[in-house]
Each structure stands twice: as C-alpha cells, then as structure tokens.
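The data below hold one chain only, encoded as structure tokens and taken in the form predicted alone.
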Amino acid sequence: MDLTEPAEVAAFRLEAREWLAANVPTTPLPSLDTADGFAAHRDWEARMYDARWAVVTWPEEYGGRAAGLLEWLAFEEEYWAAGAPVRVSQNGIFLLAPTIFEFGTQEQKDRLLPPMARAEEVWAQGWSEPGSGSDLASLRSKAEKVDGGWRVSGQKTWSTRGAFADWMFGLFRSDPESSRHHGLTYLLFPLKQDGVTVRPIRQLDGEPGFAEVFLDDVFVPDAMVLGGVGEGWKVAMSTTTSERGLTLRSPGRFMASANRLVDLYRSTAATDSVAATAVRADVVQAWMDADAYRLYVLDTALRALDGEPIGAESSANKLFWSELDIAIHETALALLGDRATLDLDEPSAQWLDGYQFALAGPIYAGTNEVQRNVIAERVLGLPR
C-alpha cells in the first residue's frame, strides 16, 4: 500500500485545515444533549454547509464537494485535530445518506438530502425496541398498508438524537405473517406529527442523549418507503455497514484522542514522573493502535475505490474502534487520577465525559458479542 498522500488530497487537507482554524468555535459548544446545545450544533452545521464542508463527499448539487474517500479521511483527520464540535447530524449524513444514495428515488434525494446537509432536519434512529436490541430481526413494531401509505404502530427505544430530532428512519414489520429478516420495510417519517410521542431518556449526567418513541397509528406515505416494500432488511444492512465500517467513526476521531493522550502524558511526566511511568506502555500502545486503525481504514478505503464491497468485515472494524476508545480514555484517567473529577469545568473533565461515552461503544451499533459472532461465521467461516 502506497502511503504517499496524493497532491490533490494534500491540497484538500490544507484548505480544510485553514478553514477550520479560522472557524472552529474557540469556546466549546454546550452539550448537544440539551436544547440549547442542540440548537448551537445546528448553527455550526449550517455554517459548515455554507462553506461546503458539511458533506464533502456528496455531489455539488446537494451542497457537497464531490470529494473522494481519501479526501474525506483527510478532512476527518483535520476536523477532529482542530477540536471541532461533534456532528449533530451524524445519523443523517453518515448513516442514512449513504443508504439514500444507494436505494433512494430521485424524489427522495431531492426532498431529504438538502435539509439534512444544512441540519434543518436532524435524524434519529428507529432501530432498537424493548426486547429487540442487537437482535434487530425480532422487532415487533408494525406497518399496516392503507390507501396511499402505511399506518405505523409500536415503540422504538434508545433512539440516538431522538429527544430533539425532526425525522426518524427505522425498520418495521410490514407483513404480519413474516418472521425474522423477512417482511420488513424501511420507513422515513417526521417526528412532529399526530400519533408520535417522544419521551427523552436521561443519562447518568441528567441530559437526554436518547429517547423512546411511541408510535400510535402514525401515517407514512408510500413516497417515504426506502428501497421497496419487504426489502427493509437488505436496506438496513447497508445502513449498519456504514455505522460499523467507514463513516460513523473515522480514524481522525481516535488519532486526535491518542495525540491528546500523548500531550497529557508529557504534561503529567513534568509534574508526576511516577504516575507517568506507570502508564507509559499503555500510552504507547494506545497511540499505536489508533495509528493501526488509521492504516486499516485507509486500506479499506483503497479497496472500496477499487470496487470491492465492504461487508461483514465492518464488524471487525466496529469491534476494534469501540475497544480502542475505551483504552485511550482509561489510560487518560489513570494519568489524571483525582484531577479528572475535581473540577468538571476544566479541560481534564473532558476525559471523564469521553470515558463515560466510550463505555457505550461496545453496545451501540450492535453489541460486540454479536459482532464477534458475525466475524466468526461470515468472515472466518466457522460453524454456528
């Protein structure tokens, strides 16, 4: 694999770096798990859109730059290195949008993509249900065919961004006689309509990072079926490949954390050499693992550019980055000791907040236990 960055990618990287240096907020935005923070993050996304940095890989007619995967990876590295805000529109632009580009009609693309890119319409996930988490095929929320569309009833839970989002994408059982992976349909619908009740789920910090959504005879028109009636499982697997593979957790995010960890180690070593020495090997290992992940994703991107599909190996990707995230933050907390909790307004407290979020990594996007099964059966060819 040639690691030399092409000239056009280097130029793209430099342009992104200069724009981010001039525009990333100097004061961190409020938490996007609050109403004010959600609004502030919308404003940031709109600012990015106006400069055509919100969706760099999208076609120009939808506000993008028609950038390739290598340019996108470079942008992500620069984005996270600059300390830019978390993407409030991640469910839409990183998960749903690739699925719309693959399966959507022209009308759906024209209607849904522009407001998604501008963060005027932020999307929530409608995957998990009570009793149907990682075993998504056991879902029971139903869609009944009526004139001109569908009547949807059921309950979705752990809906990321659900507390303040505008739209939801999700999977519903459209054939009452079906079971498991059959008879499912992928539907798109606004959350602010009759029959939808959104109940925020408060996290340990008291902020509503998720929501449970109750659907009582909600009408979804035929035009908002994505990928065909009964084809929902195939469409959903495209979305989960994006979630576990290239787009949701780019290497730039973890390289930025690993570099911050190295900086923390150096500052700690200057004042507490004993504490620094105790975790020195862990710091080195965390940085090497982040760099290994960067190289792995680069290889995956190059193979994708050659036309190779990204399939079940995305489960190995998800397994690695979720455990890497925990390792980076555990090492940082070991360096900080009591300092991590003494003043929650200090930059050091970001490590504690990041650690709490990292603990969710092995659960969302399909639990790591399920991913190990996928790797065993579909990648290694082991018996069930």
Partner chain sequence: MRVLPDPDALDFADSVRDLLSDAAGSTALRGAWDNENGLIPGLWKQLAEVGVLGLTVPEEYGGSGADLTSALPVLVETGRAATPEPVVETLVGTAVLAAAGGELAAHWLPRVVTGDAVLTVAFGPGQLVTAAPWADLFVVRDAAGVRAVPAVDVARIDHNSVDTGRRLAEISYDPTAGTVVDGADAESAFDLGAVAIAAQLTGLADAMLEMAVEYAKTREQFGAPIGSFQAIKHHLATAYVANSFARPVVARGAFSVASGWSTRRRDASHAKYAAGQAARRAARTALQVHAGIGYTFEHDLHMWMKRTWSLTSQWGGQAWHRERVAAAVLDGSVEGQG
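Numbering follows the first chain given and starts at 1. Just so it is clear, the model here is predicted, and its values are computed rather than measured.
Not on display, but discussed next: the form predicted together with its partner chain.
- With the partner left out here, its partner chain still marks one of 125-133, 91-99, 160-168, 224-232 in the predicted bound form; by a 4.5 Å heavy atom cut-off that stretch is 125-133.
- Put simply, residue 60 is far from its partner chain in the predicted bound form: not one heavy atom of it is within 4.5 Å.
- Put simply, residue 52 is far from its partner chain in the predicted bound form: not one heavy atom of it is within 4.5 Å.
- Of the heavy atoms in residue 360, some are within 4.5 Å of its partner chain in the predicted bound form.
- Its partner chain in the predicted bound form is not approached by residue 34, whose heavy atoms all lie more than 4.5 angstroms from it.
- This chain appears without its partner; in the predicted bound form, the one residue of 259, 178, 193, 105 with a heavy atom within 4.5 Å of its partner chain is 259.
- Here is the short version: of 140, 145, 182, 280, the single residue with a heavy atom within 4.5 Å of its partner chain in the predicted bound form is 280.
- Contact annotation for the candidate site: 81, 84 and 328 all lie away from its partner chain in the predicted bound form (no heavy atom within 4.5 Å).
- Using a 4.5 Å cut-off on any heavy atom, the residues of 251-272 that reach its partner chain in the predicted bound form are, in sequence order, 255, 259, 262, 265, 266.
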